[in-house]
Every structure is written in structure tokens, then in C-alpha cells.
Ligand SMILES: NC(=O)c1ccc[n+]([C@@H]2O[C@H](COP(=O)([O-])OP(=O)(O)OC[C@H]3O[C@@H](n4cnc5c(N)ncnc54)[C@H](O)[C@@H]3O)[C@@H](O)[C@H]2O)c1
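Read the single chain below, which is given as C-alpha cells and is the form predicted on its own.
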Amino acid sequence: MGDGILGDETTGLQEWVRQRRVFLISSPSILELHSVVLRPLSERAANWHVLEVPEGEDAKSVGVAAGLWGEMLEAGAKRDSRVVAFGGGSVGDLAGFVAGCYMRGLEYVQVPTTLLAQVDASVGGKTAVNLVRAKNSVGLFNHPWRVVADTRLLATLPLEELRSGLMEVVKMAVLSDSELFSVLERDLEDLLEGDPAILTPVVAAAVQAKIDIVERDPTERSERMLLNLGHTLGHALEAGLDYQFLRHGEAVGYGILFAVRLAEERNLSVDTANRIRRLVERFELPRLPVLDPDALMRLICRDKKVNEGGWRWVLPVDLGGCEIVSDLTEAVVRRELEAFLAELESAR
């Protein structure tokens, strides 16, 4: 990770692609903005194939994945060919899934171009595509050979994308780093300016916190489930709004607010709950349209974190500490969800 790191030969990328057939998976907007930075890699590859996919969550479908496998087969992809994911979180999720399944696994690298992808989506090896109304429901753990996060690429991001990415930093701070939370409280406005020099240490801290958890639990058997803070309701909101209305980080922001509400009913102090709320509210999340609680509850029940044994929620217990709880009944969640949505509606 670093400002201009893509041009640094110490990343090992130039040797990794040398004399290989390389498949670059990206979206049209990213290629238009940033494809020039990959020219040194393309010049070292034996063959360089650019595979374009739709923008955003539209890329993450079984149909798009099947189309890529067909293109790779026609272009002569072999077991030792390479895949480069070049884009935001959706491109990275899709490309990692495609690489992991083709011929039982090709090596791939993540070159994330958004803050959300650099701080979260590219790290940890989770890859997936969506089914209708069920986000990330078909996928596999497939760790990349390397993640190269060049913060210089963030300079072109709109404010909304910076906010979305920084919400994942908030998540990591609430989860495991109270000092990082204090930095966010102090410097949020400067961070939203997108200056790589200011963003890099904050992003690095959040990434390191995630890596520490992933290394201890790479396939989410226990502790790694904590990384889902805010994602249970967040994913339901994304799916319920057809992946069109909210960016991922915005949905997670609402999910964090709901988790705080549930935690207050247990043992989270009022002071801590209010600090978290105040920080999230400074992000000025888009106002939600009127939502049906019953429809959201159905989507929550499809979430991967709901297993045969029942519900699992990640709730803060203190600033920098969370727990996984499984004793919240459906009735309690429904009651709190209805009250949460009613409060949001009254504030419109």
C-alpha cells in the first residue's frame, strides 16, 4: 500500500506477469480513468486480455461470471495464466470468484481502485457473486497472490465513494481500535478531502486490524464473523433496494446504527452508543425510502450469518470491542427494526 506503489517493482507484479497470459478484469469507467498505470505490466505479459464487466453490483452475477469463463477459454487460458482484478469491490469479488473456479484455480492479484476496496473488499480472500435478493450468496474463499493498493488512484473518487469507503474504517474502529475511532472523530473532514497522504495511514491501520483477525480465522469459523458488524441489515437494505439506492458503505452505516440500537438493549453504555451514532451521522447517509419491515426481515433470514442454529448478530460492547450474539429472537429483532425504521421515517 502506498502513494504510487503500482510503479514500484518491489511489488513483484512485473515478474509475476512476465511471459504469462494475463486476463485483466475491469469496468469501462476504471479503464478509462486508470488503464495507463498498468501499461508496464501489459508490456511484460506474453498476452494481455482485457475483459470488461458491468459497473457496480451488476457485475456480480452468475451470468457475468459464466461469460468471463467462456472468454477465457476462447482466449486460451491455462492453469498457469494470471488474473488481475482492477477496480472496486464488485470487480474484485467477481474476479476472485472467476479465478478461483476456472480450472480449479488461477493465481490472481487485487489492484483495488476505490477506498472501500482498498480498506476492506480486497483483503481477506472473500469472493462471490449475488443471487436475486441475496448478496454474496455464491462464492468461495480465494486469497489473492498479492493486493497492491495504490492510494494515488483515490484522487478521482467522488465524495460519496470516499464516504462509503471510510464507513468500513469506522466499522474496524468500532470493532477493534478505539484509537483509530478517535482519529476518525478528529480528522473526518480532512479524510473526506481524499488526500492520499492523510488517507494512507488511516487505511493502513484499518487494513492491519482486519488482517490480524483474518490470519487467526481465515475461513470465518469464529472470530472473523466479527467483521460482519453492520452487514446483516446492510446487506438486506442493499438487496431490498435492488443494489441501486445505497452504496455498500452507506448500507453498512445504517447497519451499524441498528447494531448499536440492539446493543443498547444489552450492555452498551449510552455514552459509547452516542459517540458511534454521532460519527456515523456526520457521514450524512442518504435518506431511506419507505421500507417494508416484513420484506427486510425475509431478506435478513436469507443472510449467510443466519445458520441452522439461528440468528447471529455482531454487536458492540465497548468502543473497540464487539461480540457475536445468538440469543436475539426474531420477535425482538422485528420489534427493534420496526422502531428503527419508524424513527428514520419521522426524521424525514
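On a predicted model such as this, the values are computed, not experimentally measured, just so you know. When you see a residue number, it is the position in the sequence shown, counting from 1.
Note that the form predicted in complex with this ligand isn't included here; everything after this is about it.
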**Item:** is_contact(Gly253, this ligand) in the predicted bound form, heavy atom dist at most 4.5 Å
**Value:** no
**Heavy atom of Thr114 within 4.5 Å of this ligand in the predicted bound form** = yes
**Interface membership of His34, this ligand in the predicted bound form, 4.5 Å heavy atom rule** = yes
**Prompt:** Can Leu268 be called a contact residue for this ligand in the predicted bound form at 4.5 Å between heavy atoms?
**Reply:** no
**Complete:** Within 4.5 Å of this ligand in the predicted bound form by heavy atoms, the stretch out of 174 to 182, 188 to 196, 161 to 169, 255 to 263 is 161 to 169
**Message:** Under a 4.5 angstroms heavy atom criterion, identify the one residue in Ala121, Val83, Leu229, Ala236 near this ligand in the predicted bound form.
**Reply:** Ala121
**Option touching this ligand, based on a heavy atom within 4.5 Å in the predicted bound form, out of Ala77, Cys101, Ile276, Leu157** = Leu157
**Fill in**
Of the residues spanning 75 to 109, the ones with some heavy atom within 4.5 Å of this ligand in the predicted bound form are Gly88, Gly89, Ser90, Val91, Asp93
